[in-house]
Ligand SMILES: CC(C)(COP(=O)(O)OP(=O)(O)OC[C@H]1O[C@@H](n2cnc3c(N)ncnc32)[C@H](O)[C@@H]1OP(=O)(O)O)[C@@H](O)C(=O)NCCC(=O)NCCS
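First comes one chain, alone, set out as structure tokens in the form predicted alone.
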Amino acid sequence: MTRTATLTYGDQTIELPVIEGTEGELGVDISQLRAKTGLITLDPGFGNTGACQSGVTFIDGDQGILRYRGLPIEQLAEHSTFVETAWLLINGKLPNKAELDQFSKRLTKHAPLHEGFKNHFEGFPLNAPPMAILSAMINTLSSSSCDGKLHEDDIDDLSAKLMSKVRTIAAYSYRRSLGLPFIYPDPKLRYVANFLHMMFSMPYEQHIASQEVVDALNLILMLHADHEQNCSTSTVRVVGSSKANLYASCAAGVGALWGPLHGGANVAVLEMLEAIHEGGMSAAEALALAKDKQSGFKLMGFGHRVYKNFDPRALILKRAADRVLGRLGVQDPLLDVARKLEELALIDPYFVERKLYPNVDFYSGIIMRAMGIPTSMFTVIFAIGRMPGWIAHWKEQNHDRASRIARPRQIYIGPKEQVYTPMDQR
């Protein structure tokens, strides 16, 4: 028997269906609310609004749970790879060996960019933000790789092209900013190692990343591969709801991710660490300022809007950070500040009682800095990691026959009807 919620407004009473998810989540279906009552809901930031039913990712923020297609993130981090996890997200199941081999071959095949793309890169100024280049070049891929129509039989190949070429575009955008020659992908290298090769190799000397660095970056990409209906994923779905092609939709996702409140959060962590170090503050002094609401100082990388407990991704990355930083032996004052902040915050009653634990952005930033990845590339790497999730949601939406073009309503608060005043009377 379908459950309902009763809404009473004035002398009207209506029954609204209650939808239950597989994990017991409940939502009131208000799709007929305006038609039956003339009312709409107002929910700035959509924090209490479900825009879709999705089978990609499950989050329980209170319990600190994150699962991709039902698989706990802890199990994937221990046993899987970014490429296998990408297949899982896009196709809804773990691949068998033949499927994974085929997907890996497609990624290798599609890694090079058409030589004509070099002209596009040269059109950007040297100081162009890598995220601007990434978004523009993904849209450029759309003009050369698809005709703007949906071809369901091509989705596997389109997905592999986008996932593969986005890392080449990212590496080239970094090289462009330094005026360095572009480095072709090496078909003998796997996904992450190939990206680091294109980032850091020179024509006369190939960069061979250590296994510790490859494993850590692989883990960062995997942990960022999807996170339910976040700002950028919602953007991909909104754009895709108009039947925009996969590349155009994901380019829009890059734009949403670019914001400092979303993909730029780990950049904000490094900027905070620099401010603490350059200002001569100790970690204890920084924590004291963070607790003083009048100080204006905010401790970045602690707490999370969704997780009211420890971010499960942060627990995994914390262990990786300890391992990688120890093996790399990096001497960096900012990393020393970060470790001291973490140590003190985890035992400070103010932060513990409010469950303001270090989040994934805190650890991903310090790990990438230790790898030698510049801050300007942090959000780009986030975009590479999030690409499988965007593709999965775009595909899911376009397979949903009940999907409609996104068109939110509003409460108008502007002036009432006015009379136009001619120029000579103003």
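In this text, residue numbers run from 1 along the sequence as written. As the structure is a computational prediction, the values presented were derived from the model and not from experiment.
A second form of this protein, the form predicted in complex with the ligand, is not displayed here; the remarks below concern that form.
Here the chain stands alone, but in the predicted bound form its contact with the ligand, taken as any heavy atom within 4.5 Å, falls in 355-363 among 355-363, 50-58, 396-404, 30-38. Under a 4.5 angstroms non-hydrogen atom cutoff, the ligand in the predicted bound form has Tyr350 among its neighbouring residues.
Contact annotation: Leu335 falls outside 4.5 Å of the ligand in the predicted bound form, judged by heavy atom distances. When the ligand is considered in the predicted bound form, Gly255 lies well away from it, no heavy atom lying within 4.5 Å.
For Pro112, no non-hydrogen atom is located within 4.5 Å of the ligand in the predicted bound form, even though that partner is not displayed. The three marked residues, Met163, Arg190 and Phe195, fail to reach the ligand in the predicted bound form, with no heavy atom of any inside 4.5 Å. When you look in the predicted bound form, the only residue of Leu107, Ala170, Ala283, Leu299 with a non-hydrogen atom within 4.5 Å of the ligand is Leu299.
Checking His277, Arg327, Lys340, Lys308 for any heavy atom within 4.5 Å of the ligand in the predicted bound form turns up a single hit: Lys308. With contact defined as any non-hydrogen atom lying within 4.5 angstroms of the ligand in the predicted bound form, the contacting residues in 264-299 are Ala265, Ala290, Lys293, Lys298, Leu299, given in sequence order.
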